[in-house]
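The chain that follows stands alone, in the form predicted on its own, written as structure tokens.
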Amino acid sequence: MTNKDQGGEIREIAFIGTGVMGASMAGHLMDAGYALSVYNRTRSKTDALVKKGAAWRESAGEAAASADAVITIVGYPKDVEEIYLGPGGIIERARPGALLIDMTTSSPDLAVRIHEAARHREIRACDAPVTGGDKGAREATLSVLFGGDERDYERALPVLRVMGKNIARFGGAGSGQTAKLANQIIISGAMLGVCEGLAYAQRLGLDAEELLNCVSGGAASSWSLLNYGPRILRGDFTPGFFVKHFIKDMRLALESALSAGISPEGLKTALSQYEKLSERGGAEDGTQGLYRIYREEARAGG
């Protein structure tokens, strides 16, 4: 099946959401030769892309109106719902045959609703959340978890391959979001382990950097340890992925898990610790900021 059969070749892309990850992802698409129109609530975050040749639009709907494909990566499910289903939004203004790709981590149920609303207007919609953080976005090595029709997956692949390396389809609409929530459950436990292990080592007087170098080659190794461990030891808590967004993801995962009859105790523990961090002013930290909790408790303990 050709791109024409599926809805036309993708040449012009509307990119909505140019934050920590989105700006890099959009830049890669421009480098690959796609014409880009951009929208972000904070306009200044699109300045570098506009200087590079992207066209600024006044709203997500306006950006979608002339695009072959629309990519969104915004903050919360409420933002996704607003830009897709709200008055003058993407569903209302996108042209028939357009392919809508939501790369936000959001609700599986909302992804299904968007898919159905799009279908009634002869628009194609899918969910394709990503994992890999700011580093993966910069280096175009993101993992992409796709939910949607097979023909839309085939049509989207050339675009997704510009931004990511490990791309898989998990089923129909919403399944990409379900896969991403599973990923977040796994990460929540990994980040607890990294922060607790390094805090324990430092509290007991070990050379934490030497420990990190040693155990990174063994069974304790993980993406979180390799990428966030060095940042923790440098005291670098700048966001590759915001704590406030991780809390959102964990709450979505917990809700979904409980609905499926699963009680994820590790996820509950991680969520409570991250909520504690947020209450203490760490909502804008990167997820490695969880280490602050253990550092502060160690200091309080004398």
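Please read all numbers here as calculations on a predicted model, not as lab measurements. Throughout, we count residues from 1 along the sequence that is shown.
Just so you know, the form predicted together with another copy of the chain exists too; it's not on screen, but the next bit is about it.
The candidate site formed by I187, G197 and A253 is fully in contact with another copy of the chain in the model of the complex, as each residue has a non-hydrogen atom within 4.5 angstroms of it. With the partner left out here, another copy of the chain still marks one of 188-196, 93-101, 113-121, 79-87 in the model of the complex; by a 4.5 Å heavy atom cut-off that stretch is 188-196. For L211, a non-hydrogen atom is located within 4.5 Å of another copy of the chain in the model of the complex, even though that partner is not displayed. Shown alone here, Q273 lies within 4.5 Å of another copy of the chain in the model of the complex, counting heavy atoms only. Mapping the unseen interface onto this chain, L267 counts among the residues with a heavy atom inside 4.5 Å of another copy of the chain in the model of the complex. Under a 4.5 angstroms non-hydrogen atom cutoff, another copy of the chain in the model of the complex lacks M163 among its neighbouring residues. Residues A253, S256, A257, A260, G261, I262, S263, P264 of 239-264 are found to place at least one heavy atom within 4.5 Å of another copy of the chain in the model of the complex.
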